[in-house]
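Only one chain comes next, encoded as structure tokens, the form predicted alone.
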């Protein structure tokens, strides 16, 4: 387990800023202690410094996971967020989308959000902006990318895609053996 390089940190923070903007500072500067990001086997983990010190007692090849997995770097050095980061993205999300109860299950099966399933959307959401998807009861379901801006959503037909699916909590069941 090692600290992220400057380039890796920049890539990861750019991806996170699409969803939570400048609230990234709130992840690192927390009142309950010092938290950090560490890289282990191309995966980025978020943990407190106390847990990091305890993890140093194990050799790298024996260590599978520690802290919360935020995502992984692909072979082309792009960063992909994992659904395990949702608990940290949801409270700080700048742009949100609420889906109707009838569209929740479709989203949880890995489908995009259609205009007909859109309940609400945050004002001034731009196209290709990262959004956190909620149920109408304010339960975070996953995250994606806005296919249309807020203004475009008002005038598109009901079968148009308004949010591209990226990850949802249904992945815990669908891909149970591959998530770490």
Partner chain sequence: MAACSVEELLAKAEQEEAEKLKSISVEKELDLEFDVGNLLACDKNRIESRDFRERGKEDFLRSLARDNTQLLINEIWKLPTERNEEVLVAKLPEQTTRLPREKPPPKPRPPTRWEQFAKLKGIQKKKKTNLVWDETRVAKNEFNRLKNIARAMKIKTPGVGLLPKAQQSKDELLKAVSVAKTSTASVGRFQDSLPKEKPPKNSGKKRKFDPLIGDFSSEKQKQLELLQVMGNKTPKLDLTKAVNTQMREEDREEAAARRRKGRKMPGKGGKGKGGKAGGGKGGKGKGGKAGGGKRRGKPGKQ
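Positions refer to the first chain, counted from 1. Just so we're clear, the structure is a prediction, and the values are computed from it rather than from any experiment.
Just so it is clear, the following notes concern the form predicted in complex with the partner chain, a form of the same protein that is not shown.
Please name which of the stretches 64-72, 110-118, 138-146, 50-58 has residues with heavy atoms lying within 4.5 Å of the partner chain in the predicted complex.
Of the options, only 50-58 has residues within 4.5 Å of the partner.
The partner chain contact at residue 174 in the predicted complex, heavy atom, 4.5 Å
Residue-level check for residue 174: no, no contact with the partner chain.
Answer yes if any heavy atom of residue 157 is within 4.5 Å of a heavy atom of the partner chain in the predicted complex; otherwise answer no.
No, residue 157 is distant from the partner.
Hey, in the predicted complex, does residue 24 get a heavy atom within 4.5 angstroms of the partner chain?
The answer is yes: residue 24 has a heavy atom within 4.5 Å of the partner chain.
Is residue 38 part of the interface with the partner chain in the predicted complex - any heavy atom within 4.5 Å?
Yes - in the predicted complex, heavy atoms of residue 38 and the partner chain come within 4.5 Å of each other.
If we check the partner chain in the predicted complex, which of the residues in 62-97 reach within 4.5 angstroms of it by a non-hydrogen atom?
Nothing in the stretch sits within 4.5 Å of the partner.
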